[in-house]
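Okay, so here's just one chain, in structure tokens, the form predicted on its own.
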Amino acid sequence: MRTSLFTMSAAAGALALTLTACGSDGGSDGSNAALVGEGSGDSCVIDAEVPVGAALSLTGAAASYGESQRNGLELAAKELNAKDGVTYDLTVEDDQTDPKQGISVFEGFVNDGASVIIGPTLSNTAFQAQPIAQEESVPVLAISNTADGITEQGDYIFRDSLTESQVIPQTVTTAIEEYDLEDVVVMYSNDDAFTESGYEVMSSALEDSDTEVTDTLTFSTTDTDFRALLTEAKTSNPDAIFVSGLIEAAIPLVTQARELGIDVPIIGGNGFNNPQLMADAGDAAEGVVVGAAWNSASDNPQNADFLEAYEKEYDSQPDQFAAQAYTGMMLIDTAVRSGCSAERDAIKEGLGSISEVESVLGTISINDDRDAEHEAVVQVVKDGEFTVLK
């Protein structure tokens, strides 16, 4: 039985040493005979450690998402390394919620011989960094990027996160039906690819309904005071407010809306899908509606095991970002074991062949566009928790 060699957030120097050793066997392009094993699936045995790089936003505006993702990845790697056959050397680097830093982190992973790269956290960073990996034929698995066009950047780019186009229309339709909405206001952050993409899908879904958008208001990802915008929204006397924004905006926006006496439903995009909303906004978060790729109430066995293991490891409950990260690492293991090879092209082929794999997110497949397909869920905050709305 192999010994687990996983270490938390290893220093860049440690990764460089590991991957330099890897490259010395077969170059820095991921071609390495030691990464090709024998057997298949559960019987696969690969002698060398499989180098996996993850670029996550551990600081900056998206830090809360990145922290959850690191927890999910590290938990998955720990569990995988406790099994026989394949050992993963996971290294997590901080992209600082900055596309320039994301490019630098990707370049480091590519040049050091990573078999596969996970991340980055935000879509706008992904659009800048992913071409680095595509150019060098390194597979990438996006675990939280939901903007349209992510996988269109190349045939080495995959994702296990549902797109805004897959989740938001279902959220809009469900909210309209549940609350009988006729007139609404839309608010969104217009300086971020993730939130802009969410707004575009949200707007399109509303246009396809009989609901009228009486006003559309924009803000910046760095804004924290929304009172003026919310006061303007209130003058329209809307039945609900739809918002595409990051959690850093969601918390003060929801809190200030309730302080101003706005008690209509607030329907958020994927950025609202974070337990920090309830922790920091408290009672103000009650009734907020959020579409999601995952809900803790899902009763599949993989999810039940994940919840128990996560709480034991971190003494807290996971969020969707942790669940998607955990699933991403498990999908990489499935891809590696399918051909019993951790060479870059083999992982690319394996990820492209993922079909109806039972996971924390449910039964998941990767389609011909290299996007994930699985069932979404619409949630509402009730008694301080995300519960299934419908």
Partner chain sequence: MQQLLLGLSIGSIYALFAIGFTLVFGVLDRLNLAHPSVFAVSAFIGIELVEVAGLSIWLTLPIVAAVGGVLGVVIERVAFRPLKNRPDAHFAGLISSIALAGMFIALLQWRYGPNTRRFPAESFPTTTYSILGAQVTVLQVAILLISVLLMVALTLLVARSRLGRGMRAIAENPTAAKVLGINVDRVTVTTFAISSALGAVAGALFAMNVNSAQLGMGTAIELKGLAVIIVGGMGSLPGALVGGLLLGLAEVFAVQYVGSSWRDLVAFGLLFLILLVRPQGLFGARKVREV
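Numbering follows the first chain given and starts at 1. All figures in this text were calculated on a predicted structure; none of them were measured in a lab.
Omitted from view is the form predicted in complex with its partner chain, to which the following refers.
K.L.:
Each of Gln170, Thr174 and Glu212 near its partner chain in the model of the complex, meaning some heavy atom within 4.5 Å?
P.N.:
No, because Gln170, Thr174 and Glu212 lack any heavy atom that approaches its partner chain to within 4.5 Å in the model of the complex.
K.L.:
Heavy atom to heavy atom, is Ala63 within 4.5 Å of its partner chain in the model of the complex?
P.N.:
Judged by the heavy-atom cut-off of 4.5 Å, Ala63 is in contact with its partner chain in the model of the complex.
K.L.:
May I ask you to check whether Leu260 falls inside a 4.5 Å heavy atom distance of its partner chain in the model of the complex?
P.N.:
Contact check for Leu260: yes, within 4.5 Å of its partner chain in the model of the complex.
K.L.:
Would you check, heavy atoms only and a 4.5 Å threshold, whether Ile251 touches its partner chain in the model of the complex?
P.N.:
Contact check for Ile251: yes, within 4.5 Å of its partner chain in the model of the complex.
K.L.:
Counting only non-hydrogen atoms and a 4.5 angstroms cut-off, does Glu152 reach its partner chain in the model of the complex?
P.N.:
Flag for Glu152 set to no.
K.L.:
Identify, from the list Ser353, Thr59, Thr363, Thr334, the residue with a heavy atom within 4.5 Å of its partner chain in the model of the complex.
P.N.:
None of the others qualify; the residue that does is Thr59.
K.L.:
Which of these residues, Val110, Val288, Ala292, Leu229, gets a heavy atom within 4.5 Å of its partner chain in the model of the complex?
P.N.:
Selected residue: Leu229.
K.L.:
In the model of the complex, which of the stretches 297 to 305, 276 to 284, 203 to 211, 156 to 164 has residues with heavy atoms within 4.5 Å of its partner chain?
P.N.:
It is 276 to 284 that comes within 4.5 Å of the partner.
K.L.:
So which residues in 301 to 331, when you check its partner chain in the model of the complex, have a heavy atom no farther than 4.5 Å from it?
P.N.:
Counting only heavy atoms within 4.5 Å of its partner chain in the model of the complex, no residue of 301 to 331 makes contact.
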